[in-house]
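Take a look at this one chain, the form predicted on its own, written out in structure tokens.
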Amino acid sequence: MIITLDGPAGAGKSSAARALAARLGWCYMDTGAMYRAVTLVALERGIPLDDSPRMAALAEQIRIDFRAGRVLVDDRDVSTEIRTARITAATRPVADAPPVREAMKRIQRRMAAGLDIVTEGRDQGSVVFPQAEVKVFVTASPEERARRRHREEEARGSGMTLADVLAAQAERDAGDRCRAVGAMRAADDAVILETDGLTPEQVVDRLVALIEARRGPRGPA
């Protein structure tokens, strides 16, 4: 069974996807981490990030795994490296390149084949897994999302104000919605889940309820 969680940054989809997969004992696929991993390896190998055919070929050549909450590339743990500001800034043009997104779509479908999996990103339900049994678009008000991100920035020692975060968030949202490929949008048959006022546990509870409703009643063991 495939569960897709799409939505804007700060809505809580990543933490919800990880927690949901852990509760169900399913696999978890962080598609954003996959683009970051390809970007990291390209920079290390001196591959121009704007050479989209080579970037797409690189994505097919390396092996990306998710194990115990870590991201591995060819058995090397890159979990920390891919979260640096340098990789964050470099990843956007890579993720915008049509050849790279096509390669990633193939890779993600192969990774999910035959598995019970929770996958999250921007276009998982609308593009990558249109046949997914449960599609959810996780969102929250701009103010709530900015408050969450601001708390994260404070924990990192960042000097960003809440206004700074809100402005950056609005710019990112506009860019994500208008991307030529992989644009952020809810699939036509997705369930919209507003997370304002919900605890992380309550979000996961609602996701589990959606899955159980999709599966239907079960008979006696």
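Just so you know, these numbers come straight off a predicted model, no measurement behind them. Numbering starts at 1 and follows the sequence shown.
Although not depicted, the form predicted in complex with 2'-deoxycytidine-5'-monophosphate (DC) is the subject of the following passage.
Asks: For the three residues 13, 95 and 101, which mark the spot I'm curious about, does each lie within 4.5 Å of 2'-deoxycytidine-5'-monophosphate (DC) in the predicted complex through at least one heavy atom?
Replies: Yes: each residue has a heavy atom within 4.5 Å of the partner.
Asks: Just one of 70, 63, 54, 179 has a heavy atom within 4.5 angstroms of 2'-deoxycytidine-5'-monophosphate (DC) in the predicted complex, so which one?
Replies: It is 179.
Asks: Looking at 150-158, 55-63, 168-176, 42-50, which stretch has residues with any non-hydrogen atom within 4.5 Å of 2'-deoxycytidine-5'-monophosphate (DC) in the predicted complex?
Replies: It is 168-176 that comes within 4.5 Å of the partner.
Asks: Residue 144: heavy atom within 4.5 Å of 2'-deoxycytidine-5'-monophosphate (DC) in the predicted complex?
Replies: No - in the predicted complex, heavy atoms of residue 144 and 2'-deoxycytidine-5'-monophosphate (DC) never come within 4.5 Å of each other.
Asks: Are any of the heavy atoms in residue 135 no more than 4.5 Å from a heavy atom of 2'-deoxycytidine-5'-monophosphate (DC) in the predicted complex?
Replies: Residue 135: no, not in contact with 2'-deoxycytidine-5'-monophosphate (DC) in the predicted complex.
Asks: Taking 4.5 angstroms as the cut-off for heavy atoms, does residue 106 touch 2'-deoxycytidine-5'-monophosphate (DC) in the predicted complex?
Replies: Because no heavy atom of residue 106 falls inside 4.5 Å of 2'-deoxycytidine-5'-monophosphate (DC) in the predicted complex, the answer is no.
Asks: Flag residue 139 as yes or no: does it have a non-hydrogen atom within 4.5 angstroms of any non-hydrogen atom of 2'-deoxycytidine-5'-monophosphate (DC) in the predicted complex?
Replies: Looking in the predicted complex, residue contacts with 2'-deoxycytidine-5'-monophosphate (DC) do not include residue 139, since no heavy atom lies within 4.5 Å.
Asks: Pull the contact list for 120-145: residues with a heavy atom within 4.5 Å of 2'-deoxycytidine-5'-monophosphate (DC) in the predicted complex, in sequence order.
Replies: Stretch hits, in order: 121, 122, 123, 124.
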